[in-house]
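Just the one chain here, laid out as structure tokens, in the form predicted alone.
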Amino acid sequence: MSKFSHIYIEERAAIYPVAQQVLSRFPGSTRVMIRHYKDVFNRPRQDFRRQKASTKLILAVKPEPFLYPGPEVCEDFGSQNFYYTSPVLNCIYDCDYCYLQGLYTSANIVIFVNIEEFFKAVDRQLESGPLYLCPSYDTDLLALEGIVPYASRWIEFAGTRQGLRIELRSKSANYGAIAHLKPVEQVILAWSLSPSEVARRCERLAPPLKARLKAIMSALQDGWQVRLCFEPLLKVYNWEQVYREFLDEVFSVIPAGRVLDANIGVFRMSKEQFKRISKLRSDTDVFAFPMVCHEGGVVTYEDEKELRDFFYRQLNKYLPKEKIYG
């Protein structure tokens, strides 16, 4: 939070309660009024890596559309109407493999303050039938809860809507920020997990594995539905031993019988994002292993199937196949 020395504010966003709430949490930040968030966020010749060292906030009003069909490369968990939404753009973490650094030219964080319009869009979509929605794809809402309380707002909203099911995915250990809320049947709290070695080297600023497992246990004890997300699986030296010991550690803490389900996803990325990021990130070996581009323009490891099948077999020792997706 100490990084946000400047906050850019769209003129039309300033009057929204969310904007005032965020500004009140950063009384020492320099405030800069702007016409449109894209004038700052989309300007040319930005340096994503440098901006990560001095991230700024941008408060804006999101125009339509508010909901987007879920990408084919993402797991839909058997849901027919799978959508995602982006009330926030970008993340406070700095993971080597993150697709956002290839998606956006700016590392600054955009908070869309018109959250009620997102909720209205969900209500309109629900008129067509049940909806599975992910509002934490392009950010980590739980990690940002101390800045803008959108994780709790989505939880409270979901609890009042029939036919809506949402997944809040996170690497955060910040469960305490929502621990005061009663578990909501329509909400799945999902944690992305990586081996300690991978988290230490490739998931900068994100909490270590032990802290995430502690947060998961607290959520389970409080009665929440919890999903374990084992993605992206990354190639590392001696990866079979690393991932075998990783799962042993996870399930030495987390009782497998209380987990809702889990999903597996080997590292993959669109061809265009891969090209941009691999040029930016000479400081990581994530992109050093042989890759292939499959039909559809998705880049992954040459031996992606071997890595996935091995991990599936190891995970299947703890969870039945009907609880494993991906």
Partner chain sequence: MIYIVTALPCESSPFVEKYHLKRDGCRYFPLYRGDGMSLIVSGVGKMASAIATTYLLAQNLKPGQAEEEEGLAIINIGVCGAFHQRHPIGTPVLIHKVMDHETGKQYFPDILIEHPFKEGSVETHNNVVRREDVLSGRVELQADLVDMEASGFFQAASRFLAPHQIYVIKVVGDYLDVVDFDRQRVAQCISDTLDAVEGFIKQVEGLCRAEGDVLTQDERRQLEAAKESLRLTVTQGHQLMDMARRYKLRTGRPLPDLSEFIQTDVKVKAEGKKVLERIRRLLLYE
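Predicted, not measured: the structure shown is a model, and the values here were computed from it. Residue numbers count along the first chain shown, from 1.
The same protein has a further form, the form predicted together with the partner chain, not shown here; the description that follows concerns it.
*Asks:* Only one of 67, 34, 61, 259 gets a heavy atom within 4.5 Å of the partner chain in the model of the complex. Which one?
*Replies:* Selected option: 34.
*Asks:* If you check in the model of the complex, is residue 27 within 4.5 Å of the partner chain, heavy atoms only?
*Replies:* Contact check for residue 27: no, nothing within 4.5 Å of the partner chain in the model of the complex.
*Asks:* Report yes if any heavy atom of residue 271 sits within 4.5 Å of a heavy atom of the partner chain in the model of the complex; otherwise report no.
*Replies:* Residue-level check for residue 271: no, no contact with the partner chain.
*Asks:* Evaluate residue 291 for contact with the partner chain in the model of the complex, applying a 4.5 angstroms cut-off between non-hydrogen atoms, and reply yes or no.
*Replies:* Residue 291: contacts the partner chain in the model of the complex.
*Asks:* Determine whether any heavy atom of residue 276 comes within 4.5 Å of a heavy atom of the partner chain in the model of the complex, and answer yes or no.
*Replies:* Flag for residue 276 set to no.
*Asks:* Heavy atom within 4.5 Å of the partner chain in the model of the complex: which residues of 117 to 149 meet that condition, in order?
*Replies:* Contacts from 117 to 149: none.
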